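Here's a solo chain for you in structure tokens, the form predicted on its own.
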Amino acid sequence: MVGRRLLTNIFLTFLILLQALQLDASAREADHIAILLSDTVKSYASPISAFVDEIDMEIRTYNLHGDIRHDPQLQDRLLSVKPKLIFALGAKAAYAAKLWTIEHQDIPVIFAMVYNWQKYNLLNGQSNMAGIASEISPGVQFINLTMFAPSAKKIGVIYSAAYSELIVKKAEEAAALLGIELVERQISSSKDFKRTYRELIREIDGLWILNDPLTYTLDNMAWVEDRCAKDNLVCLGQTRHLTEVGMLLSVLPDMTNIGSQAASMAKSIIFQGESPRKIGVMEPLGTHVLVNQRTAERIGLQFSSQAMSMATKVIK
């Protein structure tokens, strides 16, 4: 009788230990972060590397390969074991993460590298979304502009109210502090951009290019990149490509810093219980300043040594 009771106790103890081990294994399995990519893009490598280096957790990577319909089972695989957080890179990944967590808002999402993130209404109806903007604040952009082209005092901007009204309002304040007059023109169609530019050049000595979906189109940018130089305008953009193909100056985020910044936000959310909604969308920390020396010479502009010391890359 004693032997049977002993065996029973041993068996029960074994079951309890087995259950505990299963629960612990399940907890460990769930203790990971999902990185969701819009596509296989080289520019994602730097922020991902910085993020992974600073997060002491398992990382599982998922890729939309450019289309949310490319892999119909991807959502189920990502959510089959609930991640502690989703780090979404690119507009498609950010939007997919929003859709996939509508019914799972206990899963935090941090998005980054989404140009004009307001366009996608990523925060609407969501309490689990936070992010890092892909545009440097207007004030920082204008400070750099005054360093490289101090004579540019009247800066034009063409934008759509639906997508860029808030950033233009912020820009008005920043420009006023720096003694810059912002000459604004609204458009309601991308086809209005060229006509509006032709009207605007009579009043300005510089143009600020926004990542606005109605202005920033392939056709408009291919057209304006050459027109700026022909019209002797100091043109300021927010992407590497614009400066590489001929625009004078671009001020853009440091991609490595974006990964580190996202890691810091993730730690605050996971380990300190910070609310994604409270964090909201942060401005990127750190900048890259690209200048095109050829364009400067073409429009008769000479950079000071102080300005050149601020340039991250000079295109010659």
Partner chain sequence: MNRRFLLATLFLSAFFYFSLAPTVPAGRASHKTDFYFYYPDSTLTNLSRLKYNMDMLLREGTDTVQFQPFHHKVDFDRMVKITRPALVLLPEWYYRSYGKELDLTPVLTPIRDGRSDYTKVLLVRKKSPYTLDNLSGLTIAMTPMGPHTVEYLNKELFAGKNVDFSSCHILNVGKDADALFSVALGQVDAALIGTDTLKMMSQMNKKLTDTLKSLSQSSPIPLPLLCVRRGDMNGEDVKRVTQHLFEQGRHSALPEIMEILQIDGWQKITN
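Positions refer to the first chain, counted from 1. It should be emphasised that the depicted structure is a prediction, and the values quoted were computed from it without experimental measurement.
Below: the form predicted in complex with its partner chain, not depicted.
- Only one of 174-182, 197-205, 210-218, 122-130 lies within 4.5 Å of its partner chain in the predicted complex by heavy atoms, and it is 174-182.
- Residue contact with its partner chain in the predicted complex: Gln186 places no heavy atom within 4.5 Å of it.
- For Glu58, no non-hydrogen atom is located within 4.5 Å of its partner chain in the predicted complex, even though that partner is not displayed.
- A residue is said to contact a partner when one of its heavy atoms sits within 4.5 Å of a partner heavy atom; Asp67 fails this definition for its partner chain in the predicted complex, lying far away.
- Taking the partner from elsewhere, Gln105 is found to have every heavy atom lying beyond 4.5 Å of its partner chain in the predicted complex.
- Though its partner chain is absent from this view, in the predicted complex it lies within 4.5 Å of a heavy atom of just one residue from Val140, Leu74, Ala161, Val81, which is Val140.
- Residues from 254-268 that approach its partner chain in the predicted complex with a non-hydrogen atom closer than or equal to 4.5 Å are Asp254, Thr256, Asn257, Ser260, Gln261, Ser264, Met265, Ser268, in the order they occur in the chain.
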